[in-house]
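Have a look below at one chain only, the form predicted on its own, in structure tokens format.
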Amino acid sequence: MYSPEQTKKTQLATNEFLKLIQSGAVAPDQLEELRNLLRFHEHRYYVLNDPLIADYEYDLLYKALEKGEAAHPEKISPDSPTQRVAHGLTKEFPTVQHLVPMLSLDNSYDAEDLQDFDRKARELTGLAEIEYCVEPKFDGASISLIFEHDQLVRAATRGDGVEGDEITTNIRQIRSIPLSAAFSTYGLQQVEIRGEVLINKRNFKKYNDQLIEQGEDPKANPRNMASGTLRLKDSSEVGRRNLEAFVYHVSYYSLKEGAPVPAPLTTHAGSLQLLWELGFRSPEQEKQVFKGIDGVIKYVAAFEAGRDNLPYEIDGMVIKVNDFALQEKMGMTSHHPRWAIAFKFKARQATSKLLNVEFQVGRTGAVTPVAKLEPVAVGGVTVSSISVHNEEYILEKDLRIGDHVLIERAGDVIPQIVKSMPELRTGEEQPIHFPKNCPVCSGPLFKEEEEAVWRCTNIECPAQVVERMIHFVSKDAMDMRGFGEANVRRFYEMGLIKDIPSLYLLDFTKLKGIEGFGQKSIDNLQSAIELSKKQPLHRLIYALGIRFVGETTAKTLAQAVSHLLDFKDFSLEQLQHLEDVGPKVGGSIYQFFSNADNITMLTELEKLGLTLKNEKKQLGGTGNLTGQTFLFTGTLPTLKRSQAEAMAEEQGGQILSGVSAKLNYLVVGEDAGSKLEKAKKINSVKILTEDEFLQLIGKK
């Protein structure tokens, strides 16, 4: 629709308008140009799914047009973006029509905007004070659900607001959406409800960690992952991604003949409670109801301050007039309801310029390119560096030095470059050349055929040595409190440490006089180093940083031998017989214990007092659960999963990472998920509650 030249010209005009909006109002004769800009960006966002500006920047343009048209109504055109619902569909699924159009919400960014919304609401209703319901604005993918005679019959995406993609099969994979709900007990026979599909931060990180371990690029943010998952052809993959859904609005309902309107459906807060009681995940527990706007303003400010403590992403709060009769009286425009407004939190997206790319070397030799950007504030944090993962990622995103880029930060997720903007190039941009040799030691780089990562093959590379020590002292490994990344780097540069064994040979007399190291700090560090010698074998195995060996696999390895050096006599085939050790993991373990330098290091660590023996196996496995395997899934009522695993291990039990015929006990909590379903199909697996598990180990 737009040529490259038109695209570049339009984007440059957009930048000029954004500057103009900051300094004042748009002139009447500029409104048509502004409308054209918004049409262009709607096409990029809704049709091409390839935006050139951040959502916040689009909102600024839209509000400027709204304000200009309000001041000059004679300038409003019938096809203005303010006079219609945004359009554009990707025709990958059957298209269905919503029973009621899914309109957008008007946006606000400060207390003044909310006070103005309240003033208009009071004017429209003639009331001196209005009751508002406030709830989180979930940052996911919008959906519409239709229930008939208590059964879920159809689910659809938002689409263009009037029509959406029919995705019922995929929605049925989301366990927080009930397949039936007792609407008939309220006299309702057909109901259309609105909601948001998302993935919580924990599951998003877990999924990305799996992608990285497999040599694949991580997903940029939870919202895009949720939206993309809903359109997957393979519904079983949708189920594996652990999506969640919140429903927050009853958009339409029909009553059985003669049935009265249910009391809960007279207010928005009541409808949320009704949905909650029917088994939906609604913002019933997060919502608040306030008389007047002052309480609303305080609440949204407090919620924004704590947004990163939530398990899922939100990008603002939604404020709605609580009384449905008042909502009806206030009505709506063609774009948004007059009775609701979204309070948007600080922007999570921004545009910046890619100034340079530096190449860093990790503990496994992986060379990671890091983009250096013009510093820009995103979601309350100034971002100047972003990992761009690997050579293939750079090529896929078509990144060049000097490019304008769109970056995004979602909560505690690491910032990502969403894309480059080739339309804005001047011809002075430079390609990014991946090095042929290690940027630290100049050794050769090597890339496995099935991987995207280049690695330095010199295990004595200073960068790898330092990163291995940083991992070794970390909390989940040997837990040497007082060391930390900064001190490892500082001591290495000072020549006080040179490798992992040297951590235990640190000359504490040389720490005196170093900034930050008084006698108490030195004593604490010395104590932490000595305590680390008593860490169990699985912690040491994890601390060694063997590629592909995480905490669970480390426990499997620790339980397989009486002494860690027994592994130097294991064949690759023997390793692959261990639980969850396949060819890739087994090959990495075999390579580690075939390296003479690694055996020398382990022997030296044992001489320094570290435990290389499996003490439980040495004792002949005398626990009540010796030889029994366990897996814990879901949220347990009183125990943390780590506590429950430790209890099982104390009595000789072995923890597995997945459901298989080798599993003896699956202990389930709330939201147990696919592991429970899989275990039910294996007759030999006994399924226990937390209470039954505690009885088994004699703790109850």
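A residue's number is simply how far along the shown sequence it sits, counting from 1. Predicted model only: the values in this text are computed from it and were never measured.
Absent from the display: the form predicted in complex with a small molecule. The rest refers to it.
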**Message:** Only one of Pro136, Gly545, Pro218, Gly239 gets a heavy atom within 4.5 Å of the small molecule in the model of the complex. Which one?
**Reply:** Pro136
**Request:** Check each of Glu163, Glu423, Glu196, Asp323 and return the one that places a heavy atom within 4.5 angstroms of the small molecule in the model of the complex.
**Result:** Glu196
**Request:** Answer yes if any heavy atom of Arg455 is within 4.5 Å of a heavy atom of the small molecule in the model of the complex; otherwise answer no.
**Result:** no
**Prompt:** Wondering, does Ser142 line up within 4.5 Å of the small molecule in the model of the complex on heavy atoms?
**Reply:** yes
**Message:** Against the small molecule in the model of the complex, would His538 count as a contact residue? Criterion: heavy atoms within 4.5 Å.
**Reply:** no
**Request:** Could you confirm whether Ser104 comes within 4.5 Å of the small molecule in the model of the complex, counting heavy atoms only?
**Result:** yes
**Item:** Contact stretch among 356-364, 428-436, 246-254, 293-301 - heavy atom within 4.5 Å of the small molecule in the model of the complex
**Value:** 246-254
